Ligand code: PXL
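As structure tokens, one chain now follows by itself in the form predicted alone.
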Amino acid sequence: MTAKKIVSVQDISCYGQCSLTVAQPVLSAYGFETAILPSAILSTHTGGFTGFTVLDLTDEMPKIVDHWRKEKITFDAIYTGYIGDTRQFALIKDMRDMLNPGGLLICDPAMADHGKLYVALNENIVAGMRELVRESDIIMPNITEACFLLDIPYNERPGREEIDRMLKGLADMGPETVIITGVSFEEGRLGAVAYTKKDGKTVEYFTTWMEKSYHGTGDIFSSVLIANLLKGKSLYDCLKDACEFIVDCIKETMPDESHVYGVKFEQVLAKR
């Protein structure tokens, strides 16, 4: 059986486990042929480092895509993450014609956390991300990103009714499935809540809230969830596997206090 093909569009952080350096190995380990379309190359990720370098690849991206088209390369899913230049949004939307029948455009609007945009991003990126969301089949923002997309005030711990309004508001923008991550309705529990527009159903999964947090876990969560979705698992099972995977990664990493710029996802993959 031919493996499904995914192309992931996001940055390469040369040091620090996030974006393409986690998406490609995770998706590949789950059995998918994974191509990459780098949006930028960073010396490190932007969390906790200063003085990092950035090489924008906006001008190179169309050349890569044009070559793929000449080679008649197509994909079963396009998965987007961190986008650092507004010109890249139009290119991504145009790539929909490279999807196989039934293929999906999946957007992880990786642009903000803890109520703030990431370093070097601005409102133009938010506006562009809103337009990409309108074209997407599945989106998976965290709470901060959902607030930016909906242009509503940030609330660190929204309750069930507020999350429900956010899910439906985002679905009204266009995507069939909306997943909000980093949700907590009770102390000591953290997880994700999903809504599908077609049947109007909400699905949720919560696991232990780990005291320690690490950069890159959102990218790993998205990659694991996407892998399960494309394998045809139920939305509940997708949320469960992604949430538990992140907890296992944190547990694997916590004993090593020197490992602070990502999680030891490789060891977790090796055990599955």
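Note that the coordinates shown come from a computational prediction; the quantities given were computed from them, not determined experimentally. Numbers for residues come from their place in the sequence shown, where the first is 1.
What comes next is about the form predicted in complex with the named molecule, which does not appear here.
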Among Ser28, Thr58, Asn228, Thr46, which has any heavy atom within 4.5 Å of the named molecule in the model of the complex?
Thr46
Taking the named molecule as it sits in the model of the complex, is Leu42 near enough to touch it, meaning that at least one heavy atom pair lies within 4.5 angstroms?
yes
Looking in the model of the complex, any heavy atom of Thr253 within 4.5 Å of the named molecule?
no
Considering non-hydrogen atoms and a 4.5 Å limit, does the named molecule approach Phe185 in the model of the complex?
no
Taking heavy atoms and a 4.5 Å cut-off, does Tyr118 contact the named molecule in the model of the complex?
yes
Which of these stretches, 229 to 237, 213 to 221, 242 to 250, 58 to 66, has heavy atoms within 4.5 Å of the named molecule in the model of the complex?
213 to 221
Across 148 to 178, which residues bring a heavy atom to within 4.5 Å of the named molecule in the model of the complex?
none
